[in-house]
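Two forms, one protein chain; structure tokens for each follow separately as structure 1 and structure 2.
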Structure 1
């Protein structure tokens, strides 16, 4: 009965009902598009950045994060990494050695970062061969190295020249070698371009005398949104199964936020700004909604008075007002979803293509020049809940007015009638 009465009451003022529902729908559409674009861009940037630097997750020795020392290593063995591979969300595993040396050529020297990788696995993961500007890419059994273009220019070296690496190896051993340059890579990030020496993992293990050990295992997951659960699961399985395999307390699981705190901070700040704008939008819509609901209650005081005088209980009257407001919210949500969903699906399947200098900059960094939109149930659920909470907040004062309605005054048309 109340449902039928509330639905009929809505259409006594069709224009007001439709305008209020459209305002809610517009807020829902704008917030969904904004949040979907933000989250899609974040996910795309995190994936791209992970492929060219840290990966989404790394397994490291517990001391490596602080010391960055070649002495804090993990085993490069199937027994060790098979524990991680058994997790269904782990898609790729790549062993790496990352350390520092003094590089020298002719009468110049400079500190460099030495990265030992499995060339074919890394190229399959990040497409690193696209950064090659001279020479050829590495093979696993090569005794040669690749260097950054900035480093090559500093030493005035080219393909076929030799470079000396000298540093500290595992447990204080001397790490020294003379290597032929097989190719030159160009990285848009000057820190990599001016410092990176890229070599096959077996050659790096020989240089640093680490034997079958690595500084990190890089893991890539299938689902970025589940990365926190994967990290927790990795900690659990290495705690449970590592004891039997002799790896107890030897593994530190770090996700991309811990590996790239600057990027995580930038995303957090940008996300906070987007959420602030979203709530500002809802605030503007909320004031309009509040005014509409308050007007609906004030101008109907005589009607409410008659209903109470004929025996309607006050809780049922409150329920009637809530149902009317709920129907308006429902209409706004349905309108909003009907318009927003096709937009989000289209731009998820056909991401916005960047052009000009912005696109070239992203291409240089190895990233796709696109802005994809994310499609995730939690994005929709969040916005719908916000609309419902907004409606409840807007109802508090009008409901209080209705509950404390003076029957005699209401039958005369209410306070505003005098």
Structure 2
């Protein structure tokens, strides 16, 4: 009964209902698009930086974080890594050597980052062969290297040319070697593109004389949102089970936030800006909504008065007002979702590819120049909840007014009767 009444009441003032619902829908659409764009780019950047540089989690020697020295190593043995592998959430493990050395070709030199990897495993993980712009990908027993495109341009090198690496190896030994370039890789992250030399792990171990040791074990987990738990579990298993093998206190577990704090904080900052903007938007819409609902109730004092006089209980009247507002928000939500969802789905499948200056700007900042959108239920649920909470906030005062309606004045047309 009440439902029907509320529904009919809504359509007595068609225009107002539709406009209010539209305002809500607009706020919902804008916030949804904005938030899903943000979250989408974050996820994309985390994935990118994980796959092509740091990984989601790394096991390192406790000193390595600070020194990044080739002296602070972990064993490359099954006994060591099996402890991590037994965790259900750990999907992949990749051994890597990461160190710096001087590269020289012709009469130029430059400090570069040498990355020693298991080529098949890495390709399987990141599909890095697709980033090859010239030459062929590495095999595990190759004595050749791949270099970043930016670096190749700096040295003016192409496939088949030679490059000298000269640096510091394990425990002060000299690390020097002459390598043929087998291929050139284009990395989306310009910091890497300009200074990366990519070689098979055994070759890197020979270069730096580290034997069967690595600077890091890169772990990939199945679920991006569960990283924290996995990190804690890893710390736990290494301190418990590592005891027998002597690994206690020799392993540092770091997640991507610790590995690239710059990105983590930029994300946090950007997110804060987006959320601020979102609340601002909802604030403005909220004021409009408040005005509408308040007017809707104040205007109808006479009507309410009659209803009360003919025996409607006050709680029921409140329920009626709430139902009406509920309908409006529902309309707004449905309308908003109807518009927003196709947009989000489309851009989720076809991310916007940026071009020109803006793209270059993003590349320079280390971001990939695409704008993917994230489709996640929690994003939708968050926004819908916010709209509902907004509605409730706006209802408090009008409801209070209705509840304390003075019957006599109301029947005369209310305080503001002309």
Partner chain sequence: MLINLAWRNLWRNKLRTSIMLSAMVFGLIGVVTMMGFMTGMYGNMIDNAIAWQTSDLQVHNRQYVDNPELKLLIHSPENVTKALASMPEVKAWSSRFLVDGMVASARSSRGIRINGVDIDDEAKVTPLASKLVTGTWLPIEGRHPVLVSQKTADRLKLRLGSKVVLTSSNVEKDVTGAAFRVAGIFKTPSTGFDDGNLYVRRGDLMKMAGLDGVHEIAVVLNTTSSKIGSHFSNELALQVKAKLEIANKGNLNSIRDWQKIQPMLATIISQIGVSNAIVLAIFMLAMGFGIINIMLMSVFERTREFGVLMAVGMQKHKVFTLIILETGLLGVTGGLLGVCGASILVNILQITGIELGGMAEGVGALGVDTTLYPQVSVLEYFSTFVTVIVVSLFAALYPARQILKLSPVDAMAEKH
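Numbering follows the first chain given and starts at 1. All figures in this text were calculated on a predicted structure; none of them were measured in a lab.
- Here, the chain labelled structure 1 is taken from the form predicted alone.
- When each C-alpha is placed with whichever rigid part superposes it better, residue 150 ends up apart from residue 309 in the two-part motion between the two structures.
- 22 degrees is the angle through which the smaller rigid part turns against the larger between the two structures, based on C-alpha superpositions.
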